[in-house]
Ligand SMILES: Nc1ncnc2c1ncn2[C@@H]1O[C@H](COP(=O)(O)OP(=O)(O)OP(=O)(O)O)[C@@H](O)[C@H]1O
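Given next, in structure tokens, is a single chain: the form predicted on its own.
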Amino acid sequence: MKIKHTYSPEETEFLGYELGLLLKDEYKVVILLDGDLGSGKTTFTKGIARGIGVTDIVNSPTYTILKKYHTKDYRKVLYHLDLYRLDHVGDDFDLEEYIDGQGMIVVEWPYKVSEFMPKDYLLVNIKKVSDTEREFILTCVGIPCKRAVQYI
């Protein structure tokens, strides 16, 4: 477990960027983001995307549930899921395909469908300390993220 603090949206994005750089060569990584509304989950995800080489504009998939981004060279894919509006997983949305697939998977509000969460993941708890300060508690469960948590 590692605890980090940021003091602006730019620092929050940069922390995500550092994590993305550390994880960009992993075959598959699932990052679960847990935090209240406005805590910085999407800002952190923007940084992760930049760190792995995504050049597209990254924004919240709150209404679409899922957005897919490729790196410029198409060697890496980022799936960004926001499950806030999801009440349950139905037959029309195969969440387990993304969770069990390859690439970088970032899930906001993961406890909405906890039955589909993988056994290996990086849990990032984000606490809003003040209007600008955020506390990040990074907990690695499994192998792929151990090095990243150690060095971030």
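One-based numbering along the sequence shown. Because the structure is predicted, anything quoted here is derived from the model rather than measured.
The same protein has a further form, the form predicted in complex with the named molecule, not shown here; the description that follows concerns it.
This chain is drawn without the named molecule; in the predicted complex, the residue among Gly40, Pro110, Gly51, Gly103 with a heavy atom within 4.5 Å of it is Gly40.
Interface membership of Ser8, defined by any non-hydrogen atom within 4.5 Å of the named molecule in the predicted complex, is confirmed. With the partner omitted here, the stretch from 63-71, 22-30, 41-49, 117-125 that lies within 4.5 Å of the named molecule by heavy atoms in the predicted complex is 41-49.
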